[in-house]
Structure formats: structure tokens, C-alpha cells
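In C-alpha cells, one chain follows: the form predicted alone.
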């Protein structure tokens, strides 16, 4: 992982257009090629980013950019779309690289682990004809919660959360990018499953062709009390 603290500006073009004016930010370049720009606020969420598969090219600024104080230009190009992130660096205060090694991945809490176990046992909740391939299907960036086949034999990757938000959709998107490179699996369809899926996450998932499945934890455990329902 490379960490750069610099005064910079950035422009994102492609499916949307966005601009970050000149300011001091943290640039994170990960081993998978992703590039993220962070401010000193906003919790964990970057101001802008490019997800893999993408490639970064570094070049010297042209004469006009030099006059504006630009010392280096990064162009981050997505390899499957026209999305591009161009970053102009002015002053670099810090630049370091760190080998983080292989991460064991996120350890699910009790509820998420149990949801995974229950859905694997009740794989028909994904739809008629679905069959389980395996739980915790390992990829280079971590395990996919469930890998299944649909009635037509197509591959289905399922990411399970207790509360489904945008980060979960982004995580599943990264898994799908990798899985779809495997000729034995592609095409791989994604399903985002959670007890509760936030509206923003549902919109993002739909935009990326990912299905959403709301899981009823009590019903899956067989403790749903029908007599206590109002409707």
C-alpha cells in the first residue's frame, strides 16, 4: 500500500463528472490497483476513488499545468469502462509504501455467520432451481460468502450482511470483477443479501446489475411467530 499526503486537485469523468478543488488530501494506492482520495474528515468514506480493475499512469505536467504549480499528474483509468480519475499533485508532504501482507478477511459476527449458514441450507430462497456450490469461496481479496448455481447453471455470488449499505455493494462488486475473470465461472451474477438493505445501497446494486434479497432471520431460524403478527 502506498500512502501520499499532498496538495492536489482531482477530476472524475465517465458515468458521472466530479471535481475536487485544490486541497491537502491523503491518497491511498492499494495493491489491487484501487486509488482513493481522503480528506481529514468524513469518517471512513473517501471523497473520490477508482475501483479495480484499473491502471495508474504517472506523467509530467504540461507547460500550462506547471504554471499552476502542478508537479505530477496521475491518470487512473478503469479497464472495463470509460471512467477516469485524473489527479494533479502540487506539493507532496509524505510518500511511503508498506507491505501489509495477506489479510485474513473480515470475520463475520454471530448473526452474519448464522445468516450465511441458514441461507446455505435454504438456498432456494435465492429462487427455484438454485443449488449451493460452497460457502466461503476464496478469492484473491477474500472469501465470497456463498457461491451457488441458478436453475440455468449460471454462477451466483452472494454477499451477506446484517445491515446492507453501500460498502457491502462495493465489496460484492470487487468480488464479481475477480470472479468474472475465471473462464470456469463467468458470467457471474451477484446477489446482495441482508436483513435490512438501505435505499442508497439498493439503488447502487440495481445500477450495477446486482440483485437484492432481504433475509427474515427469525423465519429462517423457524421461530417466526405468525400469531403475534398484526397482518
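Residue numbers count along the first chain shown, from 1. It should be emphasised that the depicted structure is a prediction, and the values quoted were computed from it without experimental measurement.
One more form of this protein should be noted, the form predicted together with the DNA, which is absent from this view; the next part is about it.
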Check your understanding: Since exactly one of 70, 179, 47, 29 fits, which has a heavy atom within 4.5 Å of the DNA in the model of the complex?
Key -> 47
Practice item. Only one of 186, 200, 206, 39 comes within 4.5 Å of the DNA in the model of the complex by heavy atoms, so just point that one out. Key: 200
Review point. Non-hydrogen atoms within 4.5 angstroms of the DNA in the model of the complex: do 24, 75 and 88 all have one?
Key: no
Review point. Any idea which of 120 to 128, 79 to 87, 92 to 100, 150 to 158 reaches within 4.5 Å of the DNA in the model of the complex, heavy atoms considered?
Key: 79 to 87
Review point. How about residue 15: is it within 4.5 Å of the DNA in the model of the complex, going by heavy atoms?
Key: yes
Review point. Do residue 34 and the DNA come within 4.5 Å of each other in the model of the complex, heavy atoms counted?
Key: no
Exercise for review: Check whether residue 51 has any heavy atom within 4.5 Å of a heavy atom of the DNA in the model of the complex, and answer yes or no.
Suggested key: yes
Exercise for review: Answer for residue 171 alone: is it within 4.5 Å of the DNA in the model of the complex, judged on heavy atom distances?
Suggested key: yes
